[in-house]
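What follows is one chain in C-alpha cells, specifically the form predicted on its own.
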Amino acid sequence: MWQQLCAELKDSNFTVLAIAEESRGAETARPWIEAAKPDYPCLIDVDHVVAARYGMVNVPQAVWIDEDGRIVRGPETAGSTDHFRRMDLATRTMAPEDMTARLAARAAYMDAVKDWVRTGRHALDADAARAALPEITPEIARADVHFRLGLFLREQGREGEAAAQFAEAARLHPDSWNMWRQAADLDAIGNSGGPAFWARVKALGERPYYPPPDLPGFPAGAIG
C-alpha cells in the first residue's frame, strides 16, 4: 500500500521512509523489502533505535513529518485494526465482514495521508502534536537498555542471559509489542505468532492491540 501511496503523491513533494525493526538484520528483512519492490527508501534498524526515540510500540506505526522537519502527527497505528483478534486460529482466516472492515480502515488511513499532503488537513499544530507524543518514562528507558543488552548477550551466544534481559524489558514496558515480538522471533520466549502471542493478545481484554488513530473511518476501541 505504501508503494501505491508514493505513486499517487509522487508530484507532491512526498515520500515514505520505511524502517524495519529487525535485530536479525538484512538477511531477514531484505526478502520482505525486495518483495514489496519499493521506490521509497527502506532502512533496517537492528537496535530498534527509531522505536525507542519516537516511542513506537508496534508495527505498523507511522509518524507524519512535514517539509520543515516538524512532527505533525506522532506515532500511531498506520491503517491496521483489531479485526484480526476474531481470526479462526485453526484455519488462520478472518470472516469476510472483518476483512472488508479491515481493508476499509486501511483505505481510510491512506486517504487521510493524501488529504494531509494535498490540503494540510489532519496535521496537528505544534502544541497539540507535542502533547500527543508518548511519554518516555524511566521504566520505558530502562526497558530499552535491557532490550539492547539482551541483543548484545545473544550475539555473544549467551541465550539464557539474553532471555532474562528480554523478559525484564517486557516487564518494564509491557505495551511494547515491538520488544516482545522481536525477543520471541529470536527464540528467547517462543514464536511471535504462536500460542504465547495469542495468550498475550487475549490478556488485553478490552484494551486495543492497535489503538485507532484519531482519523475518519476508524472503529473506536478494541475489537475482540
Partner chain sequence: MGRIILTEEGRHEAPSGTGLWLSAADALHITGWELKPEGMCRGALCVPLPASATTPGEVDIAAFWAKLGAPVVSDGGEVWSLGVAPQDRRAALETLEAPDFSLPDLDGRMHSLSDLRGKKTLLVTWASW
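Positions refer to the first chain, counted from 1. It should be emphasised that the depicted structure is a prediction, and the values quoted were computed from it without experimental measurement.
The following text describes the form predicted in complex with the partner chain, which does not appear among the structures shown.
Participant: Indicate whether residue 86 is a 4.5 Å heavy atom neighbour of the partner chain in the predicted complex.
Facilitator: The answer is no: residue 86 has no heavy atom within 4.5 Å of the partner chain.
Participant: I'd like to check something about residue 99: if you look in the predicted complex, is any of its heavy atoms closer than or equal to 4.5 Å to a heavy atom of the partner chain?
Facilitator: Outside the cut-off, so no.
Participant: Quick check on residue 159: any heavy atom within 4.5 Å of the partner chain in the predicted complex?
Facilitator: No, residue 159 is distant from the partner.
Participant: Quick one: does residue 218 come within 4.5 Å of the partner chain in the predicted complex, counting heavy atoms only?
Facilitator: Taking the distances in the predicted complex, the answer for residue 218 is no, it never comes within 4.5 Å of the partner chain.
Participant: Any residue of 107-127 with a heavy atom within 4.5 Å of the partner chain in the predicted complex counts; write them all down in order.
Facilitator: 109, 113, 116, 117, 120, 126 sit within 4.5 Å of the partner.
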